[in-house]
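Consider the single chain below, provided in structure tokens and representing the form predicted alone.
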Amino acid sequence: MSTSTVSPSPPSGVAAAPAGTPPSLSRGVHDGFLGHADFRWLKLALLLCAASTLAYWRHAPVAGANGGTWLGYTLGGIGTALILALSALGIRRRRYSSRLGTVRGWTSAHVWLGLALVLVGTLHSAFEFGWNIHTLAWLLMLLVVLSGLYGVVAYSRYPALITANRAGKSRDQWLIDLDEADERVLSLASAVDRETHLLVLRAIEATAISNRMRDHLRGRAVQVRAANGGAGTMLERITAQLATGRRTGDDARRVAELIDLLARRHSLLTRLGRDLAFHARMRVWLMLHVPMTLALLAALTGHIVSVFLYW
């Protein structure tokens, strides 16, 4: 089998998380980080949303609501403080040795305050949008929050799926098992006949593991370079060909064993493909969340500078 380099796997039976992800987050929502300290950060976020909404509703400037009123500046200051604090929270969540609070508590704050930021930022804009740096900052804020929500969903779903799919084995062990299965399949196929050996050899050589993220995300990490079907079709075609004709004695036993080995090999490839897909879907949020956060900070700086220079 032709394989591309894949990333190292975690210890046997343990669902891996992307580098830099705190263990408490990788265990998912079911461990309760969203409800940390009796939903302390949710309550604070709801209080902030309620106060902002009430102030916006009661505020009635002569020129109409906009970001340049005293309330607009106040909400803008709160939003800026939240963005800077949430960026710092993201760094804190990855520093496990810090004694400033718990990882779970900081993660809970990161989620709930991030959601509150959407309302605060929108009220600050007074629903005035256009083709400018201000709307760009608002859009980037939404994208950062949405990517963060995807991260919450991903870490509540995929670690359990990874653990169940691995069935007590690591990815490296699967690759070793796959190489051993290929050797046994080829040895057994050569004992059947030359045609069977060539058929199985072509099937093994046609199988490859992609190292491209987009293939992993689409569930196509395991690829078969064949014009007429994927791994499952290849297995069915070989099995059907081996089952034709009358075979007796040792020949029949070898064919039955070969079919069984091919089925197990296909199962290994299926598990490996799922593992790579699950990990990719967990990693992709960081590939989006962090760059968009940096872009948001840049746009926010431009927004603040332009306000004080031109307004």
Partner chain sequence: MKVLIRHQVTPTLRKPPAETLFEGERLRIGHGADQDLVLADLRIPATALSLRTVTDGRGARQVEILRVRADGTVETRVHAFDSTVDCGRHRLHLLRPAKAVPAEAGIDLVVEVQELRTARDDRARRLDALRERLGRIGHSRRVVSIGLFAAIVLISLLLPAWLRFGDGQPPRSPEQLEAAARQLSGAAVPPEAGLAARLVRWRPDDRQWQPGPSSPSHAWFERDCGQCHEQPFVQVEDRSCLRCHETTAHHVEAREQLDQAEFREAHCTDCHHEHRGAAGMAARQDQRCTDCHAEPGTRFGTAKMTPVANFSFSHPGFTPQIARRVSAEQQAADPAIKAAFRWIDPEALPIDPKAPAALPSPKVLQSDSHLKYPHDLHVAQAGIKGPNGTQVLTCENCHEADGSGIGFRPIRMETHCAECHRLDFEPNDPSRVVPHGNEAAVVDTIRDYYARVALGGGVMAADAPTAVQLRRRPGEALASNDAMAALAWADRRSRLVIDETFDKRTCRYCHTVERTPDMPTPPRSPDLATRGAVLTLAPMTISPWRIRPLALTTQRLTQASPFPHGRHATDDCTSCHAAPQSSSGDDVLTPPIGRCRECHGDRGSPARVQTVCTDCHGFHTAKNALMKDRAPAAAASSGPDPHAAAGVAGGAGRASVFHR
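Rigid core here is just the name for the largest C-alpha set that superposes within 1.5 Å across the two forms. Positions refer to the first chain, counted from 1. Just so we're clear, the structure is a prediction, and the values are computed from it rather than from any experiment.
Absent from the display: the form predicted in complex with its partner chain. The rest refers to it.
S.K.: Counting any non-hydrogen atom inside 4.5 Å, which residue from Ile209, Leu89, Val145, Val152 sits next to its partner chain in the predicted complex?
M.R.: Only one option qualifies, and that one is Ile209.
S.K.: Which one, Arg254, His36, His266, Arg283, lies within 4.5 Å of its partner chain in the predicted complex by heavy atoms?
M.R.: When its partner chain is considered in the predicted complex, the option within 4.5 Å is Arg283.
S.K.: Look at the stretches 77-85, 106-114, 182-190, 158-166 and give the one with heavy atoms within 4.5 Å of its partner chain in the predicted complex.
M.R.: Selected stretch: 182-190.
S.K.: How about Arg220: is it within 4.5 Å of its partner chain in the predicted complex, going by heavy atoms?
M.R.: Taking the distances in the predicted complex, the answer for Arg220 is no, it never comes within 4.5 Å of its partner chain.
S.K.: I'd like to check something about Glu205: if you look in the predicted complex, is any of its heavy atoms closer than or equal to 4.5 Å to a heavy atom of its partner chain?
M.R.: Yes, contact at 4.5 Å.
S.K.: Check whether His216 has any heavy atom within 4.5 Å of a heavy atom of its partner chain in the predicted complex, and answer yes or no.
M.R.: Residue-level check for His216: yes, a contact with its partner chain.
S.K.: May I ask you to state whether Trp70 is within 4.5 Å of its partner chain in the predicted complex, using heavy atom distances?
M.R.: Trp70: yes, in contact with its partner chain in the predicted complex.
S.K.: Let me know which residues along 268-298 have a heavy atom within 4.5 Å of its partner chain in the predicted complex, or say none if there are none.
M.R.: Read in sequence order, the residues that approach its partner chain (within 4.5 Å, in the predicted complex) are Leu276, Arg283, Leu286, Met287, Val290, Pro291, Met292, Leu294, Ala295, Leu297, Ala298.
S.K.: Could you tell me whether the Cα atom of Thr122 shifts by at least 2 Å between the shown form and the other one after core superposition?
M.R.: No, the C-alpha moves less than 2 Å.
S.K.: Answer yes if the CA of Ala206 moves 2 Å or more between the shown form and the other one after aligning the rigid core, and no otherwise.
M.R.: Shift at Ala206: 2 Å or more after core fit.
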